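Single chain ahead, by itself, as C-alpha cells, in the form predicted on its own.
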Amino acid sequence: MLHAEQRGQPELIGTARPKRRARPIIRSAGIRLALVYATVFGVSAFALAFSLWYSTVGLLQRQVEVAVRNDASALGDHFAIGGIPSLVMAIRNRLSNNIDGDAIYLLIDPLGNRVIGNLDRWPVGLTEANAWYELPVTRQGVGSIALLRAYPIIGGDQLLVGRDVRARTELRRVLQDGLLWAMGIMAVLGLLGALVIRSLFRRMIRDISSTTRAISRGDLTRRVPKTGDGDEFDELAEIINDMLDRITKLMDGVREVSNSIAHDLRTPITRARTRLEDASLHASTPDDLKAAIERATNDLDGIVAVFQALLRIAEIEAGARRSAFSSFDLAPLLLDIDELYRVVAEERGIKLLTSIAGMLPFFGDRQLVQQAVTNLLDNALKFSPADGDISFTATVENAVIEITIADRGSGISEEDRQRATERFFRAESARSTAGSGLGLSLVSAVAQLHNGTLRLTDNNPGLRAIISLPTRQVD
C-alpha cells in the first residue's frame, strides 16, 4: 500500500521545506551583464590598441619604402645618364654623405662580385628582384636588420638599395611591449568595471527584492529606496514606488468598500428582515401581509441597485465598455437631458440655466455619458434650495469638451472634495439625504474611461462639477 506522499497528497503544514538549489552562476543576470560589459570593453580596447600599433608600425614601414623607391629611382637616372661609372659615383657620394648611417647600397657584377657598397656580401635569402625583404645583414662586421629591394640593371649587374631598420624594429618591440602592458591594464580595468556594474545591479535588484518580499509578507509600507542621483535606477525605483502607492490605495479602497458595504447594507437588510418577521407574527389580514412584503421588497431592491452600481463602476474602470464607443454629436444628447430635467426642476421651484454649444463632436459611449450627466443633475437637484438655480453648460475648446453643472446648495468642503469620488463616501452634510454614495464614483469612472477628468470646485455657495472630455480618444 502506497504512503500518503506517494499517492500525491498535499504536504502537511509544518513539515520542513526543501532548500532551494543554488542558482548556476551563468544564470545570474548580474554575471551576464558584467560579462557583456567586460566583453564589449575588451573588444573595444583591443581594437583601439591594434589600430594604434598597426598605424604606427605601418607608417614607419611606408616611410622607409618610399625613401628606398625614391633613392633607387634617382640612382636609375644616374645610370641612364652615365652608365655604371655614373652609378658608382652616385653611390659613393651617398655613402659619404649618409649622416644617419642607415642607407644600404650594394652593386654587384654579373658574376656576383661586389663593385661598390657598404655590405660585405649579397644577403642570404634575397633571390627575387623588385620585391621587399627584411633580412639580417652585416655592415663592417656589425650585424643588423635591413629592409631591402633588388633592382636588375641592363648588362647583368644588380643594385641593392635598402635602409637599416634596426631602430624601427626596436621601436616596434617597445610598442608591442607597451601595448601588451596596456592590454593587461585594460583587462584589469574591464574586470573592475564589470564588478562595479554587477555590484550596482545586484544592489538595485536586492533593494527591489527585499521590498517586494516584505510587501508579500504584508508590510505595505515598504518602498524601494532611491540613491538620489537621478539616474535610471532612481527612475525605476520611483515607478515601482508609484505602483506600490497605487496598489496600497486600491487595497485601502477595497477595505473601505467592504466596510461601507457592511455598514450601509446592514440597515436595509435588518429593516427588511424585521418587517417580514413582524408581518409573520402580527399580520392579521392578507393585505397587511402583502404591504409588509412590498416594503421589504423595496428595501431589497435598494440593496440590489447598490450592487448593480458597484458592478457597473467596476465594469467601467476595467474598460469593458470601450467596444460601445462611436462618433456622435453630444449636443443633442445634452439638450434631451435638459428638456427632461427642466420639468423636474420647475416642479421643485428651481431654475435650470442651460447653455450648450451648437455642435459637440465626440467619440465615446453615449449611454455612459448620459448617465454621468444625469447623476450630476440629480445631485444638484437634491441639494439645491427651492428658490435656487442650477447652471448647466457645455462648451468645446482645444478639442476638449467641458460639461459644467453648478448648484447653489450647501456644497462640499475642500477636505471632503478630495474624497468625494470614493465609493460610499458621503459628506457630513449629506448624511441625512437618501443615496448610496456611488454617484460621483460612477461619474469619475466614466470620465477616466474617456481619458477625461472630473473636477469638483466651490461655487460660493454650492458645488461646481466639471467633466472634461477629449473629443477624440488618445491611447
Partner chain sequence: MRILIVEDDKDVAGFVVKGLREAGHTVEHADNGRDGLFLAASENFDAIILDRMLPGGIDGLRLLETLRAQDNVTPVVFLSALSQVDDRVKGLKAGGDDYLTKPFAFAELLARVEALTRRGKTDGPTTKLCVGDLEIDLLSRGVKRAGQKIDLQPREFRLLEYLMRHAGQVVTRTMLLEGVWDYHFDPQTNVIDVHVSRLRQKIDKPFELPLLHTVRNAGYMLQTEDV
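Residue numbers count along the first chain shown, from 1. As the structure is a computational prediction, the values presented were derived from the model and not from experiment.
Another form, the form predicted in complex with its partner chain, is not on view; read the next lines as being about it.
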In the predicted bound form, the residue from Met89, Val174, Val343, Ile81 with a non-hydrogen atom within 4.5 Å of its partner chain is Val343
In this chain shown alone, the residue from Ala214, Leu311, Ile205, Ile239 with a heavy atom within 4.5 Å of its partner chain in the predicted bound form is Leu311
Exercise. Indicate whether its partner chain has at least one heavy atom within 4.5 Å of a heavy atom of Thr354 in the predicted bound form.
Key: no
So in the predicted bound form, does Asp378 come within 4.5 Å of its partner chain, heavy atom to heavy atom?
yes
Quiz prompt | Non-hydrogen atom contact Ile154 with its partner chain in the predicted bound form at 4.5 angstroms | solution = no
Using 4.5 Å between non-hydrogen atoms, is Ser144 touching its partner chain in the predicted bound form? no
Exactly one listed stretch (217 to 225, 187 to 195, 70 to 78, 332 to 340) reaches within 4.5 angstroms of its partner chain in the predicted bound form by non-hydrogen atoms, and it is 332 to 340
query = Is its partner chain close enough to Ala103, Thr127 and Glu170 in the predicted bound form that each of the three has a heavy atom within 4.5 Å of it?
reply = no
In sequence order, the residues of 371 to 397 that place a heavy atom within 4.5 Å of its partner chain in the predicted bound form are Gln371, Thr374, Asp378, Leu381, Lys382
